[in-house]
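Shown below, as structure tokens, is a lone chain in the form predicted alone; questions about how it binds or moves come after it.
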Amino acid sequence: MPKVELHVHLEGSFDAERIAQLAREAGEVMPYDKESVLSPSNLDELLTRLDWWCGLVRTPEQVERQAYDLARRLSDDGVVYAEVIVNPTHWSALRRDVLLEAVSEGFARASAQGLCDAWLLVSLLRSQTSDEAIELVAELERRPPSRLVGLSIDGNEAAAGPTGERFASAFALAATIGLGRTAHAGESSGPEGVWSALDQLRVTRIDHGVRSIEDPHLIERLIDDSVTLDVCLTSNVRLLYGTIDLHPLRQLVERGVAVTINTDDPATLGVNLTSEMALAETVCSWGIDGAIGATERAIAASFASDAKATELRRMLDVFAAQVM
């Protein structure tokens, strides 16, 4: 099935072999065993490790290769379009504009070869200041990376505390320059994070958002405003629920919330979109028609151009006609 991914981090696409290679190239000793480097015990530890291995990337060529390799792996899994989150704060050895253009170049090279058409979501870190956020968006306006489609925000919600008011001006500026807006919310914090993203950041979709299930009024708001939740099952199980039986995906679907299925950090979690779609099928018992529906919702929620969205729908229609 031609698939669409809206919630995947470039920082989470490094496999253990690539990390070890980057450490050798940088002349650094790995502080983690190669066998366990991709197995952090909690969100804070994951973010610390992301900082470390992204900091091993010292050249634009290394960035371009990582971006290209992610697009190639997505293609191998049948993903035809992706919006990839990149948070410059993790990549300490590179200037922000150099990093983002190198990512765009890797995606463009892959697309030119007929691989997954990947685009860029630049992300703020929750611990940044309001001024830093506005500075980032102003830079994106002055010198937009060639495959930029939107602005995101990620990081540990619970640790950072409320951030909606702090970043409202940056997201408002992003809207004026035509960028799509999404935000991680309703993961390490509860429904209040989703309310803030909707009311203060004015996002059109939510990354994760699964704890919305705890607030019936929020569920009504998501449905009334046609807000999509970009859900990552395995990631949520690892960091929140402990078992797939406790995940609220089925409840969200049954109540009429629009959800898509995504991988979050595919290499770190050892998943791909096919395996996550299969897991969603076991949770929701929705069959191939459910997977097609989730992909239709991903196309609708994407920040793709009208022409690209039409192309993606046509590809999905051809597939559906063959299997249904």
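Residue positions are given as counts along the sequence shown, with the first one as 1. Remember, it's a predicted structure, so these values are computed and weren't measured experimentally.
Quick note: we don't show the form predicted together with a small molecule, though the next part is all about it.
The candidate spot formed by 3, 276 and 293 lies out of contact with the small molecule in the model of the complex, as no residue has a heavy atom within 4.5 Å of it. Residue contact with the small molecule in the model of the complex: residue 83 places no heavy atom within 4.5 Å of it. Within 4.5 Å of any heavy atom of the small molecule in the model of the complex lies no heavy atom of residue 191. Contact check for residue 155: a heavy atom falls within 4.5 Å of the small molecule in the model of the complex. Proximity of residue 205 to the small molecule in the model of the complex falls outside the 4.5 Å heavy atom cutoff. Figure note: of the listed segments 29-37, 295-303, 58-66, 42-50, the one touching the small molecule in the model of the complex, with heavy atoms no more than 4.5 Å away, is 42-50. Note on the partner interface in the model of the complex: the residue among 253, 179, 213, 239 having a heavy atom within 4.5 angstroms of the small molecule is 239.
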